[in-house]
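In the form predicted on its own, a lone chain appears below as structure tokens.
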């Protein structure tokens, strides 16, 4: 009698990751910190520990000792479907890895699981399946034409054809949150920084596909990385600035992986760049922002890459600002809820996480909740609006704004855009 075929495979999981499944001690520390588990009302199976234990169980049923002797046990499709939903109910924020007593690299594990599920025909989740199709057709996930990337540029902004410094705007800032792009460009002009941009030649950074386990579809993650790197090289840039934490993370970590080599230019977040200029005395503020400001660490900028101090340094040096910290910050920060494809696939879950993070900000009695990522800006604003509708005290007064916009205002610049 022929043995059953395994219901799942080991594709995309490295030997180390397979061992990490056994490394989990079931201590439950990750359960206490997981933002989506908390926002879901503690849905059974959504906690990081539970996902690891279920995947380990699936591996044993398919490849364990009994499976070797008697053949793999069939895993009901309903179980696999439920597991898929739980794996995608995660922002890949990485807090579970930060607090893991066994040192499991959970972000890499979740992304490998997702890619595995996609290859098995079990993923991604909902609208996330559209990401590769849209980027293949439009080079961005917003159905925008290449020339739309230039529509946000005001007449007063000067962008060089070639320069040592290139500003990589990103799909969201150039096509949706143009206020961020305008602020960044005007700040650079104000500071006398000559810079260039890719314009119509800029493609999506690939983050959405990688985070949702779809980088292999038509080799899209490698293609966008290769195109963007070559386009940047053609502009003569040796330094590339990012105001989007997602694009920054993709360029710094994912592009070298996809290409198998180091990048031929330096990758810098705009807050790091501004911090250096402030320390050198090259920024002359023109306006005081007399408000109390707290800061939310974007997962892609903080835990994923390790940039914590630069954004705080910039905010603390803006005249008039009283800077206060929330309860959970830096490596222990609570995710905004938008990452990992959750905003697109499970918007209600994303909103629940955002509301909790905004509540953290309200406890500080800050006037402004700032961040350094357009995705955080959008989801935190949604969270504030939702709490305001629920008549949560203080929510109606809380302003959510990106650091670069605040910098522009403190430099006396007009900030326009959506």
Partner chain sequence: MVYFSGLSDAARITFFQMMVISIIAMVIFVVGLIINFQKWGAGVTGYALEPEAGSKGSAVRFLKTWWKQVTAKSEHGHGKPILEILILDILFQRRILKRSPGRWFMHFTIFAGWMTLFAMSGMMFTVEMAEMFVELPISAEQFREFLQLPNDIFGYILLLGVLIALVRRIFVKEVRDSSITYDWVLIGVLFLVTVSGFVADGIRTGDLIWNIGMSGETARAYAPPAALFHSVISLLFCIAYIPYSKYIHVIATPLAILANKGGE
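Numbering follows the first chain given and starts at 1. Keep in mind that this is a model prediction, so the values were computed, not measured.
Missing here is the form predicted together with its partner chain; even so, the following discussion is about that form.
For the residues 94, 169, 124, 311, the 4.5 Å heavy atom test against its partner chain in the predicted complex is passed only by 94. Of the listed positions (188, 99, 153, 220), a single one reaches within 4.5 angstroms of its partner chain by any non-hydrogen atom in the predicted complex, namely 99. Stretch 26-34 is the contacting one of 26-34, 372-380, 346-354, 388-396, since its residues have non-hydrogen atoms within 4.5 Å of its partner chain in the predicted complex. For residue 332, a non-hydrogen atom is located within 4.5 Å of its partner chain in the predicted complex, even though that partner is not displayed. Although the partner is absent from this view, residue 160 stays clear of its partner chain in the predicted complex, with no non-hydrogen atom inside 4.5 angstroms. Of the heavy atoms in residue 175, none are within 4.5 Å of its partner chain in the predicted complex. Although the partner is absent from this view, residue 365 stays clear of its partner chain in the predicted complex, with no non-hydrogen atom inside 4.5 angstroms. Taking its partner chain as positioned in the predicted complex, the residues of 236-256 that bring a heavy atom within 4.5 Å of it are, in sequence order, 249, 253.
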